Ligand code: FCA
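For reference, the chain that follows is the form predicted alone, supplied as structure tokens.
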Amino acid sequence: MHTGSFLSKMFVTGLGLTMAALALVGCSENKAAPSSGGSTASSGSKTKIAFIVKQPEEPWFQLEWKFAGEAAKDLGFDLITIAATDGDQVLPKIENAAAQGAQGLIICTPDVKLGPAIVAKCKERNLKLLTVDDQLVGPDGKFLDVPHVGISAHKIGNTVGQALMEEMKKRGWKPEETAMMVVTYEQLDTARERTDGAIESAEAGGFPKDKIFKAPEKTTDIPGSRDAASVVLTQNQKVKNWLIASMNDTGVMGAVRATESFNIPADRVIAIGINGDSALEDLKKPTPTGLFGSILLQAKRHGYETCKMMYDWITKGQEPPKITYTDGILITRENYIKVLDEQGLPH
């Protein structure tokens, strides 16, 4: 991403002090008890696992750390959480993890092209390596042969496109009165795979190709997506109904805000995001907005299961599978509380 990664403002409402504490832990690179959010557990354990993320302020990564902390507590290893927010920080931070005694490294790097250097550094420091969310690539652009836990970005996008078409049909919208807006950020591979997947499923479902409009965003935040969507809305003011997709919740949230500024009624908009984070803001509102739902990604699997894989690799010699893909669950106003409870997430 994860992207995206699996990439977005997650659970701003509901995580509260736990998430704030996690962000501080990540930035300071200090150890903390699992009760403070999952940075380090079972002090004195001989097994140590480092977990490096690229955006410690993002709730998705905070949740990964939280669930990694639960794994540390359950399995009895020390967890070292470290943030590396740009490519220049990655190798020094890996060195830092090794200096703290880590035997394994789980990483979502800010630059996947550093793959060969990351692999070399881990070999040099005798660190077992597992990637999460974003997969490392070599000089030829091909994925490196490193165990990876991630999301099939294209399939997640397919899920969005399918859900949009199903809801459109339920509402009885006519194709000639409807357009699809896809807020894109195509310079990021994972983002492009998600949006391409959404378009592919919409077309497979019979949606007219010439009624699909891309809205390239310059920045991957709500203002950036709102600006991108406003351009498309300005150029297509006769469209009655709008389907909206993007690489994440933030992308669709900005587009929904744009439809509101154009006075397009909420019941004439079906927006479905990815991540299940920022979307909660709208799903909780007493009056429905154009945001119909989101594909909730499973942070617990990315945090807890990756650590268990690494722990078993270190302690039992059980190397993880080369590729493990997780899937997503559609959450809406009707089911989000039930689904979040099932996933052990706040709401």
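Don't overthink the numbering: it's just position in the shown sequence, from 1. No experiment lies behind these values; they were computed from the predicted model shown.
The same protein also exists as the form predicted in complex with the named molecule; that form is not shown, yet it is the one meant from here on.
- Considering the named molecule in the model of the complex, the lone stretch of 175-183, 81-89, 243-251, 196-204 in range is 243-251 [heavy atom distance within 4.5 Å].
- Screening L63, L291, L297, V53 for any heavy atom within 4.5 Å of the named molecule in the model of the complex leaves a single hit, L297.
- Residue-level contacts in the model of the complex: of A258, I272, A72, I151, one residue has a heavy atom within 4.5 Å of the named molecule, and it is I151.
- Interface residue remark: C108 is counted as part of the site for the named molecule in the model of the complex, having a heavy atom within 4.5 Å.
- With a 4.5 Å cutoff on heavy atoms, E58 counts as touching the named molecule in the model of the complex.
- For the partner-free chain shown, D133, D134 of 110-135 come within 4.5 angstroms of the named molecule in the model of the complex, judged by any non-hydrogen atom.
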